[in-house]
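So this first bit is one chain, no partners, the form predicted on its own, shown in structure tokens.
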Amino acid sequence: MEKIKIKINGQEVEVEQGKTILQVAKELNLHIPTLCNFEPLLPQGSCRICLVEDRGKFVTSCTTQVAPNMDVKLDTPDVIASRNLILQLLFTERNHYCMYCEASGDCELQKLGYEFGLDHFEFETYERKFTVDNSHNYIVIDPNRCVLCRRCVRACSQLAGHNVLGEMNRGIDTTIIADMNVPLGESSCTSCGLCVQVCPTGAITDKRSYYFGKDIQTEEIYSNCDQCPVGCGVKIYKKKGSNFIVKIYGDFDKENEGILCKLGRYAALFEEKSRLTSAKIKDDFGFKKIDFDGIIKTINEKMEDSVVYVDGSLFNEELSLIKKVFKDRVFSLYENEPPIESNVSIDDIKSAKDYIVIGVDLNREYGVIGSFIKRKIFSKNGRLILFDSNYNSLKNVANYVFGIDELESGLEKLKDLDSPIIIYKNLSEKETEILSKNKNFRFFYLPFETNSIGLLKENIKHKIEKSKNIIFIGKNLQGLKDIAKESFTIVFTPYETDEINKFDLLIPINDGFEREGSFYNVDGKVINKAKVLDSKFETFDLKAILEELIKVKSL
């Protein structure tokens, strides 16, 4: 990049052409206050707090690129006076009485007030009242606390690709709206929550985290989401000195670029399934409790004549130990081999032009992959072709929509596609045959379970073998119903389900934020999940049981 010379606060510096004044100031450790600016988003200069002076003219530093012979002054009396006036107007335009706001202590507008020494209002305050939108399951929108920075609108479109949020009216009456001005809870919002994360005030907030603790009262734990195999980077805010997660934010430094879906940001914190709270074994009179030694003894007695089934919820470390204990008698309870192997990565999806999505609603599953595709579609830099026989919410943004039974004829009509990426979760034999014929296609397989790839790495494949004794380790018991009818069945699982009492030995294991370990994401990369919480139940660490079984076998 070509270098040019400019002056900043009287100092002559050589800087890269194309950068903004704000970017250059940051590189030189010079402070310019900002509010609407947020690095992952395109700058728009709407708040004017970042004003600086260049040769007698005021310019917004976040949008103005450096140019030869600039003479930038960051803190002249006129610049400081202008920023103070702007801040006064922002505070008095709407309701910014901090003591009543949930964001107090974490609010960027409030921090600017302290920085500027604002201790009184010079104008009439709170002259307009707007209706608070409480219709959404997870999010509250309070326009009375909005500073119209439009971070939420830009994040919803530029990053998440959902294009739900916009604005209505003009000037001081401008409000942020969802779709065509419907309540957020009735809109096309996917509950990704990115608007909450980027809002600098208390205008858009999480319902769950209300008054549970400011950022300074929490410890930040960097981890990865294991709700699906995309494995998004997350920043977990755990309240200091407690066993409670306040909120989950996306990590802007990871491949997901700060974007999360409903599962990763909210559903992980709203687990409604009943937990299996203690280990118990069935006898002639029903179930009775069993301790750790009893579990080890029972499993050891049944081990030689047993088949072990697992699912893709297990971490690599657990799968490795299971293979050590049970050798070649371990199978995946569910199909886990892709009909066509992936030959592209998440980065390829971000840069592709044509996408063919088959039989999966990316607004409901694998949501971050959906975001990467939708933002390409909305920016007119990509085309989406959808094949699905069920209702699919992506049809509203797709360029072409076909039924699954139209796969062959639909592809015949679209011969001009530019090395399209086929994104799929499942394919029939016929669909696999049709797609395999075209050498121009690239494939991206979405595994059914979080660590399906980890199962294959351990050579654990789907196969059903009946046995006198069956051991199941995982979360999804649905597939056990038919194969375990006449067997002594041992189940390691976190949750109490309708089927569970049909089995013989029930062992509660840790789940969610109680576990740590690694798994393979859709790209085949090993990523880690951190332990954040201690279990509130009489659960067992699966690895501890497996390690004890290895010791017993070696005696």
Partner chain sequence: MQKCDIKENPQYDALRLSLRILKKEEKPSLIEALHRAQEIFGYLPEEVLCFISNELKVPLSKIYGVVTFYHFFRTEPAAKYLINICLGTACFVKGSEKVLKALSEDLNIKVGETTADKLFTLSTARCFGCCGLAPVMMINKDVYGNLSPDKAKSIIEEYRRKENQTNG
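Numbering follows the first chain given and starts at 1. All of these numbers come straight from a predicted model, not from anything done at the bench.
Although it is not shown, the form predicted together with its partner chain is what the next lines describe.
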Contact with its partner chain in the model of the complex, heavy atom within 4.5 Å, among 437, 380, 327, 415 goes to 380
The one residue among 131, 181, 274, 390 placing a heavy atom within 4.5 Å of its partner chain in the model of the complex is 181
Would residue 81 count as a contact of its partner chain in the model of the complex, using a 4.5 angstroms cut-off between non-hydrogen atoms? no
Should residue 164 be counted as a contact of its partner chain in the model of the complex, where contact means heavy atoms within 4.5 Å? yes
At the 4.5 Å heavy atom threshold, is residue 463 in contact with its partner chain in the model of the complex? no
Might residue 345 be said to contact its partner chain in the model of the complex, defining contact as any heavy atom within 4.5 Å? no
Among the candidate stretches 164 to 172, 229 to 237, 293 to 301, 441 to 449, which one is within 4.5 Å of its partner chain in the model of the complex when only heavy atoms are counted? 164 to 172
Between 382 to 399 and its partner chain in the model of the complex, list the residues on our side with a heavy atom within 4.5 Å. 391, 396, 397, 398, 399
